Ligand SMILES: C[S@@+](CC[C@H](N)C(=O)[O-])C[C@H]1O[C@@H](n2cnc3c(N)ncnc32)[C@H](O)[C@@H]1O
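As a starting point, one isolated chain is supplied in structure tokens, in the form predicted alone.
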Amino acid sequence: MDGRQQKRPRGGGRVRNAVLWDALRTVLDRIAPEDGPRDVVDVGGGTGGFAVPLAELGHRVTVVDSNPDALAALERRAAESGVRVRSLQGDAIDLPDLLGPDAADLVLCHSVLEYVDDPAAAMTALTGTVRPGGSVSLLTAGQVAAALHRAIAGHFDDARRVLTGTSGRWGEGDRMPRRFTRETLSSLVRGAGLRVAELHGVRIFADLVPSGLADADADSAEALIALESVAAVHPVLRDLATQLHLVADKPVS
């Protein structure tokens, strides 16, 4: 990748998102070996937190989101950055009608599967949208981490319910409809005909240490990013992440 593409996008959430951005750059390197622009679809991409930086790297990006206000904010953000991002109103399940088959080299579906009515149907739509040889990037809430965080806060019954319930919810007051484990997310991907390529834990330590500690100075932030990068692929620690990031590849027939 060129000099622009080697830079990690910066901002207030750079520590928490560093592992995710590094993983996405690796995927783009793999599916775009000639450094050429690729077609990227961001499902539930909202105001363009991922879409605009990817467009700045030269890729052709489409955001599909059900919220018209978010799409309006996306268009303003893209214009301010001097890039073009196509916006379409719809849900994951609408992808076949909105884009047709084999429309993208990379499909992002971040923080969406927790909320859809039918995750399996959504995965089928994602699979149909990505081209053979392309990849799907999934980011979901982690079930084990939710139990850990509830226990640390002293809500031990909630933590037990998170671990024993199939949805990973701790009770009626839980605003998250569904959480995933490494096993349930991988099973969902395989059921849609995709191959699990990579699995990362995102925000393992970043959500446990006081925010002021990470933001105190650049050296502390970089040290935490380095720790998160190592822990992200650790076979035990990655399951403790607040979010699970899975990269799935579509086989070439």
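What you see is a predicted model, and the numbers here were worked out from it, not measured in a lab. Each residue number is its position in the shown sequence, starting from 1.
Not pictured, yet referred to below: the form predicted in complex with the ligand.
Option from 180 to 188, 223 to 231, 198 to 206, 43 to 51 whose residues, in the model of the complex, bring a heavy atom within 4.5 Å of the ligand: Heavy-atom contact with the partner occurs in 43 to 51.
If the criterion is a non-hydrogen atom within 4.5 angstroms, does every one of Leu28, Leu57 and Thr62 touch the ligand in the model of the complex? No: none of Leu28, Leu57 and Thr62 comes within 4.5 Å of the ligand in the model of the complex.
Go through Val85, Ala145, Ala92, Ala104 and name the one with a heavy atom inside 4.5 Å of the ligand in the model of the complex. So the residue touching the ligand in the model of the complex, by this definition, is Ala92.
Which one, His149, Arg131, His110, Arg161, lies within 4.5 Å of the ligand in the model of the complex by heavy atoms? Contact residue from the list: His110.
Residue contact check: Ala70 to the ligand in the model of the complex, 4.5 Å heavy atom: Yes, Ala70 lies within 4.5 Å of the ligand in the model of the complex.
Does Val116 reach the ligand in the model of the complex, with heavy atoms at most 4.5 Å apart? Yes - in the model of the complex, heavy atoms of Val116 and the ligand come within 4.5 Å of each other.
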